[in-house]
Each structure stands twice: as C-alpha cells, then as structure tokens.
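Heads up, the chain below is alone and in the form predicted alone; it's given as structure tokens.
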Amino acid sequence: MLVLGIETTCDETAAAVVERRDDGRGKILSNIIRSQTNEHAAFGGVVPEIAARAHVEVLDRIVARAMQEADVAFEALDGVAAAAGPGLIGGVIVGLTTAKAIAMVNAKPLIAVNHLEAHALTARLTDATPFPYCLFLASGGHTQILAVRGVGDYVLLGNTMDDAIGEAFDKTAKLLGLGYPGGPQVEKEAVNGNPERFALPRPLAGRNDAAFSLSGLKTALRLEAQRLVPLSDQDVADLCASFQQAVVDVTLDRLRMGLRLFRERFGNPNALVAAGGVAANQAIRKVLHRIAFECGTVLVVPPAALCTDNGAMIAWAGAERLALGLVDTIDVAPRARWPLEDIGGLHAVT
C-alpha cells in the first residue's frame, strides 16, 4: 500500500510517500520538509498569513520532489492523505485542497488525517510498536498523555490546562531576547546556567491526576527576570537552566501519574512513546528514559525529523486508516480545532 501524505498545519510544508506492507510494517520512500523558520524569525513566532502564503508558493514543488524521490507515479498510489487539522486554518486549507485535487484527478481515496493522531501513530511506522502504549505528546501547541489502544482509539490521561511545554519554552526565549525557534535556544543557554539559582514553582506537582500547567511557571520566570533588569549573560543562562529544570521536574511528576493511571486501567504499556518537538530536548529525554525504566517498559522516541511536523507521519496515519477502510468524502472540511475525541474512541479519565 502506497500513500502520499501532505502536512501544512503550521510552519512546515511537507510531503512524503510511505509504504505499508501486508504485515503492518512501514517504510518511508520519501520525506521532504521545507521549514519556514526564516520567514517568521523576525516576528519571534509563526504569523498565520505568512505561513499560508508560503505553503501556497512551495507545496506543488514539495509534492513533486516527494513523488520523484520515491520513484512513484500518482497512478500507483493507493491513497492520498492530508492533515485536515488541528492547525492554522489557512495552512490546513492549502494542504487539504491540494490533496483533494490529486485524489480527484487520479481517482484515489482521500484520507483526512488528524494531526494529533499522526503523531500518536508514528511509533508504529518507526518501531512497529504494538498497541497499547502510552504516548507523551509535547510540542509547541500540545502537551498530552494518552493511552493509544488502536487506530482511532485513544484515552486522554492528562492534558495541559494552559500553555503547552513547547509554547512555554518559546515564550521564555522571547522574554529573554533569545532567537527563534525558542526551545533549542533555551536548552543551549541552560547548559551554562545554574538550575538551582532561582526557586521557580513546579505547578501541579503531587496532584492526583496527570494534568499540566505551565502559565504560573512562565509568570514566575518573568518576575525574576524583571527584578534583575538589565540581565547579564549569566543571568539569562541561570534563568534558562532554572526554567528547564522546573519543566523537567514537572514532566517527571506528571508522567509518573499518567503511567499510574494507564496501568490501573489497561495494565502495563508495551512502550512509553514520545512525540513532538519537545522530545528533542536532551534534559527531557533523560527524564523519559528514567520514567520508562521505573515503569518497566521501553522508551520509543522516533528520529527528530519524525517528532516534529512532517509528511511521513501523515502518510502513515493515512495508510493505517486506509487499511481499515476508513476514507473520507471529497467535501471533508478543514478544521482549525479537531480534538482527538471527535475522531471517535477518546474518553477522558475522571
């Protein structure tokens, strides 16, 4: 089974061709990603109108490169998948409309993929991870702990009450005058900082659920920074180190609770899976190894290029759904908001 996948939900324009074999294993035949970092750097964050325009300008070429690198003709495809949300609606429209055109012209099934489900299923593409497993999804827009029981079958164990982890990193970088994207810049500064200099809070630590909250931590950091103005280079490094250590401690505490909830309901997970750009942070990666060891399971972290937004995860999710006969009509609508519960099977733990 060959599926073309298109991803345009934020500031990456991506297309990929993935093969799903009869035994359920996957192979990436091509995976082309064009980042818009340069377009948004001057603004310190993603500008939706600029992002949508950039997708329009390059998507056709990205798709052509993906097909060429995979050495596959459109006629040979078994399906065309696109991220139909959640995301910046202008970009989502560009990708989904392109996928519809390709599907219609070549009389191929269309699969409208939920971007979050694509992240949730990537471990099955890279490591053939069997269901059920526990997913820690942490990115600029999402921080969730999920039980992944099957395609379209997810149980929400924990969610952020305000900022996502990646968003908190980016806002910290902007507050301290660091570059964009902010997460890697904060991590870089933290290497030379003292993580114990500032007594920043650990929001929700010890609570009997798996919820996250980062807004209070972000506010505490801002107050410390304002107290020290003008900031020296060492002040910035120490603030970054203290902030990162607080996030690491919160992640450890919240994941312990999330895995406890998982075991109580479903037994031991086959793996702890991390997805989203935050998984590239080495301090957080160490915590993930620790918590997986404590839980007696394996840690699965897809390669960095497959943790951030990419076309291969969309193509794979499309292939997984297509294998179950789950396809969409040509009038399927793009969605800025698309919680996983709306694709069926998701139930919040109470």
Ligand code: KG4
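Nothing here was measured: the structure is a model prediction, and the numbers come from that model. Numbers for residues come from their place in the sequence shown, where the first is 1.
Here the subject shifts to the form predicted together with the ligand, a form of this protein not shown in this document.
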Under a 4.5 Å heavy atom criterion, is residue 187 part of the interface with the ligand in the predicted bound form? yes
Can you tell me if residue 183 lies within 4.5 angstroms of the ligand in the predicted bound form, counting non-hydrogen atoms only? yes
How about residue 103 - does it come within 4.5 Å of the ligand in the predicted bound form, if we only consider non-hydrogen atoms? no
Using heavy atoms and a 4.5 Å limit, would one call residue 276 a contact residue for the ligand in the predicted bound form? yes
Segment that reaches the ligand in the predicted bound form - one of 231-239, 153-161, 132-140, 72-80, heavy atoms within 4.5 Å: 132-140
Thinking of 170, 281 and 308 as the candidate spot, does the ligand come within 4.5 Å of a heavy atom on all of them in the predicted bound form? yes
If you check 195, 109, 90, 166 against the ligand in the predicted bound form, which one has a heavy atom within 4.5 Å? 166
Residue by residue through 104-135, which ones have a non-hydrogen atom no more than 4.5 angstroms from the ligand in the predicted bound form? 115, 119
